[in-house]
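A single chain comes next, written as structure tokens; it is the form predicted on its own.
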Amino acid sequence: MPAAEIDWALSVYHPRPADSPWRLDALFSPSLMRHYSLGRWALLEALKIAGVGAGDAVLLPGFICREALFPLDILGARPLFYELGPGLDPRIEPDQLPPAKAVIAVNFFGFPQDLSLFERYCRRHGALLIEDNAHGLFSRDESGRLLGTRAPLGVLSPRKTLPLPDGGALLVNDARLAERSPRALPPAAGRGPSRRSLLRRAAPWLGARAMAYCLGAARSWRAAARERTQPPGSPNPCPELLAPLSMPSPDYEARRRRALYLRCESLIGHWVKPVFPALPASVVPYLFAYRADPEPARRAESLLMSEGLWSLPWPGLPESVSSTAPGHYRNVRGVHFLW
């Protein structure tokens, strides 16, 4: 379908199914893929493969959602936070950092992180590098490598890109680690359609703006009662993730997300400052990330809502970081491309 015929804002709530089924594991072949209900469970297994146990240190960015610490809490590991600059580039000196058992490098919002500093650190300390690619399922770096495959281990969160009820994945990219990888988990017990999937069917009749306003009210209500919780249920993946997928194909989803990113840039770029100065040709963005002072941010939000789009702050920082976090950790908002 030509881009001019697609209501990109409505596609946030009513994604287009693929013309023919496709498989996620085939896209990432020859890497070994293991499926989980959430990316946090996949990260837990990655840390286990790295040999992380009680008292071991794990190096990860301070600009991170607090839920990412769940695997460390389970293992009794110690987080060591490294700094990021305003462009979310690592501010580390590998030779001066303390040793850790594993290092987590994050491809924020689907933009590739430079792994060279982390690789240097791993060679010095014997640490294992884990590429957290929860945000960039279909993104590639400038050399064409799929994000999540550039380190010995990669973590994916397909539910952030595809309209799945849940879904995380672990990539074992180093054949030498294959023998340490866990067995494939059976799918979670069957269940009926989620409330979200049922509401998605109403999106073409409600329209993007009505959906945005309704969901905005629902989010405000949930936020008032939200507390930090552990991932619910078991690590077992949803059945939809294990079968051939009928949801948006990689090529279509790449075009859709890039079109939405450029639309957001043209709509609110006068009022805000994008976190990243450009959108590389190989990047499939998770969202449109920006910074703005309070008044321009309100103006930007009004313009977004007029088209049925909306933004939220990211991340919910860990308590151990929030009290001393720099300002550029606190003022990032993102326009989401999937509900």
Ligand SMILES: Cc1ncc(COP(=O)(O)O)c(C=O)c1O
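Quick caveat: nothing in here was measured; it's all calculated off a predicted structure. Don't overthink the numbering: it's just position in the shown sequence, from 1.
In what follows, reference is made to the form predicted in complex with this ligand, a form of this protein that is not presented.
- Proximity to this ligand in the predicted complex, defined as a heavy atom within 4.5 Å, singles out one entry of L279, I64, A292, A57, which is I64.
- This chain is drawn without this ligand; in the predicted complex, the residue among M33, L304, A68, I49 with a heavy atom within 4.5 Å of it is A68.
- In the predicted complex, L38 approaches this ligand with a heavy atom inside 4.5 Å.
- Residue contact check for R150: none of its heavy atoms lie within 4.5 Å of this ligand in the predicted complex.
- In the predicted complex, this ligand sits within 4.5 Å of a heavy atom belonging to A134.
- Although the partner is absent here, R200 is not a contact residue: none of its heavy atoms lies within 4.5 angstroms of this ligand in the predicted complex.
- Partner proximity in the predicted complex, defined as non-hydrogen atoms within 4.5 angstroms of this ligand, places exactly one of 156 to 164, 201 to 209, 178 to 186, 93 to 101 at the interface: 156 to 164.
- Interface residues of 96 to 115, taken as those with a heavy atom within 4.5 Å of this ligand in the predicted complex (partner not displayed), are limited to V106.
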